[in-house]
Structure formats: structure tokens, C-alpha cells
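We begin with a single chain expressed as C-alpha cells, specifically the form predicted alone.
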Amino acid sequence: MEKIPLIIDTDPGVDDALALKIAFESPLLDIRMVCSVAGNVSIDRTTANALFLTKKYGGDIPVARGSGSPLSRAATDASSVHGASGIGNYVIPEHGYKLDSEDGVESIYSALRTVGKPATLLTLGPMTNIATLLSRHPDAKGLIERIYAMIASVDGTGNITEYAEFNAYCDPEALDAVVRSGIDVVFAPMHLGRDAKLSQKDIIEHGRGSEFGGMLAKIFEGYRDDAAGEGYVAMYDANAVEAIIRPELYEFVRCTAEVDTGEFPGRTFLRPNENGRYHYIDIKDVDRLAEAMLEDMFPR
């Protein structure tokens, strides 16, 4: 089977770390590079986390430093959830891993041009890098097959404000630019993370005896997601990955997409419409998906 050429844009982030592990383990994906973006924590932290996680668990995949601030707004973060480092209480050990590029946007463009056919993008944070890419290099649109994005909400509700999902709120202008570009976007909206929450105990049990499992045990000591509840992890980002490698577990709903950049920044509406340009996903079977996430994170 021909692998899917994939570029990952991420802001690790606890649930990003889980999603990245699933992606790294998948035999269906040809991961060309990983790029950081400011979001859950600062760009220095997300870059350090992306570098370590990728080189440690993904192998020799290039890692680049992406955008450190939104297109036109002050930065915000979710360190109150993910911890000051972005990955709970875990302290990254000393290592010799090096970034492959300090200009993530140009690295994404270069990677797209070398694939030889349109590639898939997986975005797990704000859309700043992708909007900047399309502004600098309009021809990049033709090099992108589809974007799978953990971002937005279907009904105009939120988790950072009452009306905005976190990634959309961080850089609504970037999300709006990507939507207006006309690129095919598959949204993994906010409510899926809560529907697909996993028990921290189950994750640690499945990872028992592995280095990644040991890391997660330490991470969870400093992690609390009130949306998921005590002892659980809302698997927001993992849904975007699973939709690529296990599409049969989701319903793909054709929709229109609206992004507010004015009075309610980051407020989104994904309205079902058979003539819509985009899709959002819904989970068909929550229990089966939970099993799949654990299997894909820790393949036997």
C-alpha cells in the first residue's frame, strides 16, 4: 500500500504528544517533517517538545521551528492545563537532537515541493504557519491535497471562551485565511476530544514497560483537563490523526465553515451542507475508537 505523505504542524501539548505517537507508529504514513507553532505554550517550549518527541519516537524526521506569535494578535497559551513546559511534570532529559530548520514555513514549502504529488497536512494547533505559507507562496495551495485539523467547534461554543475553541481563538485570522483559500479541510472539532476521552490509567497500563509509557506517567502527574474530568485525557488531537489512518471510524459530514475575526474572535460554525466545501468528522463508535487509539499508540 502506498503511504500517505504527511506534514505535521503542532504545538505540544499533552494531547499533541499522544497524537504524535499514534502518527509515528502508523505504517500508513510517510511523515516528511514536523513543524512547531506557538499555542499550548510558547514557541520555545513547543519547539523543544516537538524536537524531543519527534527524534525520540519518530526517528530521523526533520523538525523545524515555526511561528512564535499569531498573525495580528497577542499570544495566549494553555499552560494552566498542560503545565509550564507543555508536557506536565515531565522534564526533557539532556540530548543531542538538533533542529533541521529555524524557518518552519519555508521548510513546509520545501517539503511540499519535494513530495512529487499533493501532500496531506495535519495541524494540531493554531493555523499561523499554514496561513503564512499561503501568503508567502500562493502556489503552495496546489501542493496540498487536504488538511486534517484539530480546530474549531461546530456550533459556536468554546473551551477557552464560551464561544471559541482554543486553537481557533489563538489565531482566528489565520484560520479564516486558510478557510478562505479554498483548500480541502477536514475539521476534527472540539466536542470530539471530550467524546473520545481516555482514562489516564488505561493509557499508562497499555504503555507499561515502554519508555513512552513511563514518560506519560510523569506527564500525567501535572496534567488536569477539567473538560475530560479527573483522571482522564480529552483526546482532541488524536481524532485528526485517526481520521487519516482509520477513516472508517468516523462519519465525514460535508459542511460550510465560518470564522469570526471580529466581535467574537475564533467563534466558528461548521454547518452541514451537502454542497459545502469542507468536512467535519463525527465519531461512529466511541468505545471502538478508544480501543483503536490505545492500539495505535502502543502497537503490539
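Note that residue numbering follows the sequence shown and begins at 1. Just so you know, these numbers come straight off a predicted model, no measurement behind them.
The same protein also exists as the form predicted in complex with alpha-D-ribofuranose; that form is not shown, yet it is the one meant from here on.
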Exercise. Looking at the partner-bound form in the model of the complex, is residue 128 within 4.5 Å of alpha-D-ribofuranose by any heavy atom?
Worked result: no
For this session: Indicate whether alpha-D-ribofuranose has at least one heavy atom within 4.5 Å of a heavy atom of residue 171 in the model of the complex.
Result: no
Problem set entry | residue 153, heavy atom within 4.5 angstroms of alpha-D-ribofuranose in the model of the complex | no
Exercise. Should residue 40 be classed as touching alpha-D-ribofuranose in the model of the complex when contacts are defined as heavy atoms within 4.5 Å?
Worked result: yes
Exercise. Going by heavy atoms within 4.5 Å, which of 174-182, 202-210, 158-166, 132-140 lines up against alpha-D-ribofuranose in the model of the complex?
Worked result: 158-166
Seminar exercise, completed: Exactly one of 124, 192, 108, 87 comes within 4.5 Å of alpha-D-ribofuranose in the model of the complex through a heavy atom, and that residue is 124
Exercise. Out of 1-28, which residues reach within 4.5 Å of alpha-D-ribofuranose in the model of the complex, heavy atoms considered?
Worked result: 11, 15, 16
